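The chain below stands alone, shown as structure tokens; this is the form predicted alone.
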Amino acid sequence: MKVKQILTVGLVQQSCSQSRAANLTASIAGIREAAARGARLVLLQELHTGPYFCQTEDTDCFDLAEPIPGPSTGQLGAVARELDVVLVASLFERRAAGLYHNTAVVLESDGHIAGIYRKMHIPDDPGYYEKFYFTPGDTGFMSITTSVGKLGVLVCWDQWFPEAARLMALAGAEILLYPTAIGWDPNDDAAEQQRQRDAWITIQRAHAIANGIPVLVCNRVGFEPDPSGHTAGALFWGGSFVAGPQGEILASAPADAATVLTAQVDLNRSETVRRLWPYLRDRRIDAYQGLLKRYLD
């Protein structure tokens, strides 16, 4: 019988204003609160230093990007070192002139950058014009080794793709983490909104089940208007949650309020679950060639 290996995790669900300083202050306050509750790993939401600017296409928004390492990683790294926590932040990365990424940064508890992940799946939908801003990532689906375990960090639209979660698990990830910015079109009726949110929760719980590892999801919350005025804006639905390796919900946040969510995860349960449900053992890797095609005509 394995001894429980309990890791307290924290998620900082926040609403964002136009002020980068105010947003970072709120993020750091949330990190401090999570650490005070015992969290050793803290996840921030997608693009937490500002509003979700991808609702419209505006070249001036590229001015919001920053290098990595840069100002935010320096400030957050100092907080990680002070509080002795591993921190996952989500930033708009300026890699070079005209080359930008949606990038998650993992900061080790001594403040140094343990690794980065550049978002691989880039959406282009009404209100989510990310292809205008972000070059698809080139880091691949590799886990990042930290003092709290190997982390499989993916970003928002990545969370709908079982291939990404599987590859992270195959790369040794012990936890999947998804910083997220997803919400409703305020014009959708209540039934459609409920269907969308249920699908979002279900697909990520399925990643936990299919790979036998915990999943952490941190989403934005609150209404953000479309700067162009062409749409009704985005109502981010919060609902950040932690799921265990059988998809069980360990903790969840409300849909309408900034929240610091903490939960305890037993990392050794993955071994027990995978022995009972040995999906990795029974995969037919000799028969999956079709997955490398766009479509089987």
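From 1 onward, residues are counted along the sequence shown. Given the structure is predicted, the values throughout are model-derived calculations rather than measurements.
Omitted from view is the form predicted in complex with a further copy of the same chain, to which the following refers.
- With the partner omitted here, the stretch from 223-231, 81-89, 197-205, 106-114 that lies within 4.5 Å of a further copy of the same chain by heavy atoms in the predicted complex is 197-205.
- Interface membership of residue 22, defined by any non-hydrogen atom within 4.5 Å of a further copy of the same chain in the predicted complex, is ruled out.
- Under a 4.5 angstroms non-hydrogen atom cutoff, a further copy of the same chain in the predicted complex lacks residue 32 among its neighbouring residues.
- Among heavy atoms of residue 246, some come within 4.5 Å of a further copy of the same chain in the predicted complex.
- Residue contact with a further copy of the same chain in the predicted complex: residue 160 places a heavy atom within 4.5 Å of it.
- Residues 121, 122, 123, 124, 125, 131, 136 are the members of 121-136 with a non-hydrogen atom no more than 4.5 angstroms from a further copy of the same chain in the predicted complex.
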